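Quick heads-up: it's one chain on its own, the form predicted on its own, in structure tokens.
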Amino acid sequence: MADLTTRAEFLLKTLVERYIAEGQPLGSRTLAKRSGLDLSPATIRNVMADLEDMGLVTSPHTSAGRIPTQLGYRVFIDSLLTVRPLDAEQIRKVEGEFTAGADPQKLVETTSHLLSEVTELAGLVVVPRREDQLVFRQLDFVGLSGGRVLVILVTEDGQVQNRIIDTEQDYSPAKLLQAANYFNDKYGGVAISEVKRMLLAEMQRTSEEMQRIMELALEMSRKMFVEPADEGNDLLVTGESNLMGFPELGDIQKLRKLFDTFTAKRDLLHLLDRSMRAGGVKIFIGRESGYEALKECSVVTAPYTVDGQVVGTLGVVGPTRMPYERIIPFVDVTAKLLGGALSSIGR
């Protein structure tokens, strides 16, 4: 894409800002008035034609004005956006929502609601993952019907996780107890993250080298620790109904796809995991997310840290026509405040 002239940059910035604020295509005459530049509508039409050739703006209808494209939003955010930092009073107001001494689940719920209420969009928070600080205490295997086994994981701090796994055959209670005892003796007192690493190493060995009871223990534990589970409970989504008020998302088919994505959560979790690895505020515009249901949405995310370690991600989902200059700093500050509140627990 050719470099934009200063005039073209200013007109693109004006068009994006006005479209975000008003939600209506801008014609050349309106843009001439809004820009404050001493340019004729004909000159502005020429600049708009150049921007359209570059793929930065488009006309939704033949006789309508123009609106930004996904690429236009990307250029605007990367090069033209003026972010407005939250002032001290706004920060104090947000800080007041994080109750000192609250438990982690309460803090995450508060954050999700806060994101949706302040931005009037859908708020997302991935529940903290601190496997390196969780220490394994014990596993219990309980046989169910149909080749299923209930696995109960207990950590040293008293957290309990349950998961039902499918096995290739039914096992007697005695075999399951023997497998659990073997696993608990081998891994008791080890950090969960280290248990996963050790399991992966064990699975590299050939089955001939393993005792049958070890094979059974590894089969059960692999499904609990290594294979992906349904991660829906790891993500809180709040304020989905806020999105029904945006005309560009108001089509029932679009809303159905979007709400299905919120319900399933897996795609959102993958997207948030990508942003967690990237670090800093990350913005996915339209199809940049890689998901069809989000093609007319933007997702603004930021990771949050506990004691210097990234443990989760939060953000908002809304139409591409969102006030980025306000949303970006709010998401950033909220991530820092959540991390700080979680870090203070137990001190």
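Everything quoted here is computed from the prediction, not taken from an experiment. What we label the rigid core is the largest C-alpha set whose atoms superpose within 1.5 Å from one form to the other. One-based numbering along the sequence shown.
There is also a form predicted in complex with a further copy of the same chain; it is not shown, and the following applies to it.
**Student:** Applying a 4.5 Å heavy atom distance criterion, does residue 182 contact a further copy of the same chain in the predicted complex?
**Tutor:** Result no; residue 182 lies far from a further copy of the same chain in the predicted complex.
**Student:** Applying a 4.5 Å heavy atom distance criterion, does residue 273 contact a further copy of the same chain in the predicted complex?
**Tutor:** Outside the cut-off, so no.
**Student:** Indicate whether residue 194 is a 4.5 Å heavy atom neighbour of a further copy of the same chain in the predicted complex.
**Tutor:** Residue 194 lies outside the contact set for a further copy of the same chain.
**Student:** So in the predicted complex, does any heavy atom of residue 174 sit within 4.5 Å of a further copy of the same chain?
**Tutor:** No, residue 174 sits far enough from a further copy of the same chain in the predicted complex that none of its heavy atoms falls within 4.5 Å.
**Student:** Is every one of 138, 164 and 250 in contact with a further copy of the same chain in the predicted complex, taking contact as a heavy atom within 4.5 Å?
**Tutor:** Yes, the whole candidate spot contacts a further copy of the same chain.
**Student:** Name the single residue among 91, 144, 134, 80 that comes within 4.5 Å of a further copy of the same chain in the predicted complex, judging by heavy atoms.
**Tutor:** Only one option qualifies, and that one is 144.
**Student:** Of the options 87, 168, 103, 95, which one has a non-hydrogen atom that comes within 4.5 Å of a further copy of the same chain in the predicted complex?
**Tutor:** Contact check passes for 103.
**Student:** Given that the partner is absent here, state which listed stretch (184-192, 69-77, 252-260, 273-281) has heavy atoms within 4.5 Å of a further copy of the same chain in the predicted complex.
**Tutor:** This holds for exactly one stretch, 252-260.
**Student:** Aligning on the rigid core, do we see the C-alpha of residue 118 shift 2 angstroms or more between the shown form and the other one?
**Tutor:** The answer is no, as the C-alpha of residue 118 shifts between the shown form and the other one by less than 2 Å after core alignment.
**Student:** I want to check residue 148: does it shift between the shown form and the other one by 2 Å or more at the Cα, with the core superposed?
**Tutor:** Yes, because once the rigid core is superposed, the C-alpha of residue 148 moves 2 Å or more between the shown form and the other one.
**Student:** Would you say whether residue 108 is displaced between the shown form and the other one, judging by a C-alpha shift of 2 Å or more on the superposed rigid core?
**Tutor:** Comparing forms between the shown form and the other one, the residue 108 CA shifts below 2 Å.
**Student:** Relative to what is shown, are the Cα atoms of residue 338 and residue 155 closer or farther apart in the predicted complex, where the gap shifts by 3 Å or more?
**Tutor:** They are closer; the C-alpha distance drops by 3 Å or more in the predicted complex.
**Student:** Comparing against this form, do residue 167 and residue 267 have their CA atoms pulled together or pushed apart in the predicted complex? The difference is 3 Å or more.
**Tutor:** Relative to the shown form, the pair is farther apart.
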